[in-house]
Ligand SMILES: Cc1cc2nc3c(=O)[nH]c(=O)nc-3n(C[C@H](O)[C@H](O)[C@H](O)COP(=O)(O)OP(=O)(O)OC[C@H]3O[C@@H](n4cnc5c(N)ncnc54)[C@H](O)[C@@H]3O)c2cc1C
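Okay, here we've got a single chain as structure tokens, the form predicted alone, with questions on binding and movement later.
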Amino acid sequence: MFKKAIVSIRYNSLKKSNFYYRSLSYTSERYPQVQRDTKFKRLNEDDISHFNSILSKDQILHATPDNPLIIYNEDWMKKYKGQSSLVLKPKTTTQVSQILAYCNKVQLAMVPQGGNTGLVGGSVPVFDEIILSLSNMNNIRSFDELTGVLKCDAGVILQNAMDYVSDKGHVIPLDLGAKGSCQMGGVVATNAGGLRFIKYGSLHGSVLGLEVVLPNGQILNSMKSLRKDNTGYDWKQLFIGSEGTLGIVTGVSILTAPKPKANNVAFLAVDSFSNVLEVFKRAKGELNEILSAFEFMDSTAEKLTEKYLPDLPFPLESDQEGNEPSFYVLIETSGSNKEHDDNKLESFLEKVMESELIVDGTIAQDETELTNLWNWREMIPESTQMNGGVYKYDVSLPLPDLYSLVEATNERLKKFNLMSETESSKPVIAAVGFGHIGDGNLHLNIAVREYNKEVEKVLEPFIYEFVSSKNGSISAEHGLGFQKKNYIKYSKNDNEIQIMKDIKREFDPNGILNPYKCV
């Protein structure tokens, strides 16, 4: 019988480290091979005056010696840093249109920015591009309780949207670790996948309509509620995952799902990755319609989480010999009948235990324990970066090959004598793997003591070449941004890349939107 989950401990702040306090050099200094495009105008007083005619004083932020706009210029990982001296914070779609029309006319480059939680440098400037923040566009426009269609501004924080529809008996069809900061427009622009992709699928299916402002200021409004509309090209699909390079999303119409009446989580210990896959195969067959998440984590990832969150008790214990399993699995079920779902989950777990596919496990007994078990998955990204930084690789691979990339990366880092969990002279602490088994999405995180060019040369393009050799994708859900722009060839052929460039040129002939990114 499975153990009751441990008491939940909530934590509001993470262990402080030099990750948050070290000085970050400009992206342009760290990547001198990338040059500022001379066609872009440099901001002057005439431009400022024009923006003052569109926005009020409190909607414009200027960089000063005391306030260099760090929270807008630096990315969440503290890896990329731009030099923008101006942040514009429009409150309406019309204001966005007026700003873009002017910038396009005089060729001022611009970076759209939502919650700035991206992981590939796509939401911050590379040079001095103007930042257009959507944070002030944060209104819920409407919600239809019959159809479950939510219409909202792009700047609505995902957690706020989730809370809003939850009160009305629905759920947003995605969940992210950054839900407290990321915004609806940003998750659409990056085609975020998240933790429950296995149940709800891609935003390409759940987004019903968009409001988008093109680089020339034209407003495309298709904020529809229709689930079926087969009248020609479905243009909104171009903007889902376009990373702000084709237009700025200002409004989202999204289909929400009925809120499950019963949820449960099991946290399991597994000895091998082959057993992880077999447990997944059986979960799909036996849990079927109630299976809403299937996450895996390697033991090194959980050791890092334990180390940096010492006040959080681990859900499982080592065996009598002190041995630890190689992997952990988190399974979530969501359905309409708690007794039925709980019985189904417990029956499934007993079978995989009897088959010796798992060596230990625990089931949440209430909501707080459920949250606690999820914390052991959701806190891995924070834990891997707390000693200096982290190189994040978000890839898709065929399931049999999914973890082989982690193994190959660890071998390569050891070969070049760059990695040690204890020796502070080594830049790399460990390479860990975790992610969404349900959609073949691996998160490879290399925890480092510092960002280091030698480490980067060992990792890139090796990781992308490995993924390409397995017919995978170099970006499963984080996008390309600045980090992966030059590696797109490992996932797209020449014809596909040319089509992307042609589409970019058609929508943004002057190239003012999010330059140096994506393509």
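Keep in mind it's a predicted model, so treat the numbers as computed, not measured. One rule holds for the numbers: they count along the sequence shown, beginning at 1.
We do not show the form predicted together with the ligand, though everything after this point is about it.
In plain terms, the part of the chain that comes close to the ligand in the predicted complex, with a heavy atom within 4.5 Å, is 473-481 out of 489-497, 473-481, 64-72, 37-45.
Of the residues Gly438, Pro112, Pro90, Gly433, just one reaches the ligand in the predicted complex with a heavy atom at 4.5 Å or closer; this is Pro112. Shown without its partner, this chain lists Ile99, Val448, Leu330, Leu119 as candidates; in the predicted complex, only Leu119 has a non-hydrogen atom within 4.5 angstroms of the ligand. Contact between Val249 and the ligand in the predicted complex is found at the 4.5 Å heavy atom cutoff. Taking non-hydrogen atoms only, Gly389 never approaches the ligand to within 4.5 angstroms in the predicted complex. Put simply, Ile131 is far from the ligand in the predicted complex: not one heavy atom of it is within 4.5 Å. Within this chain, Gly186 lines the site of the ligand in the predicted complex, having a heavy atom no more than 4.5 Å away. Shown without its partner, the chain has Glu243, Gly244 in segment 231-246 as residues with a non-hydrogen atom within 4.5 angstroms of the ligand in the predicted complex.
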